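Read the single chain below, which is given as structure tokens and is the form predicted alone.
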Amino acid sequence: MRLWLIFTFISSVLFGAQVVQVGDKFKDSTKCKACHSPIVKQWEKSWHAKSHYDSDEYFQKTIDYVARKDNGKSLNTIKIECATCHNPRISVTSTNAEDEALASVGLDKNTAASKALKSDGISEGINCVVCHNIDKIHDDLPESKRGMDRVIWMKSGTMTGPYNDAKSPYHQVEARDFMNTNPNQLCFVCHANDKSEDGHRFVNMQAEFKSNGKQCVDCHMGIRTQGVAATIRLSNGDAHTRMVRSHGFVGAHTETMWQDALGVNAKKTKQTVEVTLSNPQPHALPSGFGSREILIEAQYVSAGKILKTEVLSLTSKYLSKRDKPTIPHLAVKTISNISIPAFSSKIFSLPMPIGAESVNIVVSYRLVNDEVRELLELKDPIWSKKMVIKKLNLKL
């Protein structure tokens, strides 16, 4: 039977739904840099620029882990499913039984899916043409439709932006509200929700978001400042100055974002120290990918010596179908989820040892908790780095 499948499918080529093809003139950021150098330089340092499988260790090892544990799908199939948001301009958007049959015997290296995944056109991840070539965003679709499945692309050579008067000698320009007055719509194309392979919802950022007049870009792209979007010279010899935002897309990976991200207060009770965390942000903390973590560390001191250290981890933990600890993308159940909702506070109690005279409290953030970091065998120090939110000292 397997040999019959091989010979039946070996001459066929796998084609998924095609996205609008991007011309060579626009497919990578080096072409954009000629006119938009300041913006491209900011983007190059961002995690949008690292969303490709080869550029992000957490993403890569998550996909590899799922492929090892989920015997029903090949590595390429999982990569293409994740490309919906991580590489939305991929030319092959789905796989089928033919691809899986070839993958099962290691004969899928020359399929359209394999070639699409190796294309230079997607190696930059979320680059300029991903966001600035969108024509329409379909909010009327089910929440499961995200990334490339939620948008309609412009034809190649037409770019969208926030300015009604923008003109370029190199491409057409059209203004869209999601680039100006409603940028959350664009962010939530991808940064909305996520399910595991078994359909367990482990992230729902769009549902938890509570606007107080702020947009996602106010924090993650910064306020508008006077600058240059395009360096093309006007008739007077100067570039057109505009009110622009940074394209560094700072977020959870950026240490400075965490300084005072939460309000922290502490008080002594009879037997404990109560730490109150107040969240002034429009989304829950921790949030985003399911393995994020906030740590509360209390170091009790007496006569200048450390008596004891208590650590409380605020994170989510997940179980697989076999009731074993697993990563969010293979979970069937969340067994703990300690987060602080938007514009809310929570009180956490830590035991206080007898004889303690004071306590040093440090609240910090980590991108990946110990459990998931060990399961994925992550090596880059960024995944375990503690980014300090607040420090305080309390006399007891």
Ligand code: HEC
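Residues carry their position along the shown sequence, with the first being 1. As the structure is a prediction and not an experimental result, all values here were calculated from the model.
This next part talks about the form predicted together with heme C, which is not shown.
For the options 166, 312, 75, 301, the one in contact with heme C in the model of the complex, meaning a heavy atom within 4.5 Å, is 166.
Checked against heme C in the model of the complex, the candidates 245, 308, 317, 201 yield a single residue with a heavy atom inside 4.5 Å, and that residue is 245.
In the model of the complex, heme C sits within 4.5 Å of a heavy atom of residue 174. Contact annotation: residue 70 falls outside 4.5 Å of heme C in the model of the complex, judged by heavy atom distances. Residue 154 falls outside the set of residues with a heavy atom inside 4.5 Å of heme C in the model of the complex. Contact annotation for residue 364: none of its heavy atoms lies within 4.5 Å of heme C in the model of the complex. Contact annotation: heme C lies within 4.5 Å of heavy atoms from the stretch 284-292 in the model of the complex, the single such stretch among 103-111, 317-325, 284-292, 268-276. In the model of the complex, heme C lies within 4.5 angstroms of at least one heavy atom of each of the following residues of 190-229: 190, 191, 193, 194, 197, 205, 209, 214, 215, 216, 217, 219, 220, 221, 224, 229, in sequence order.
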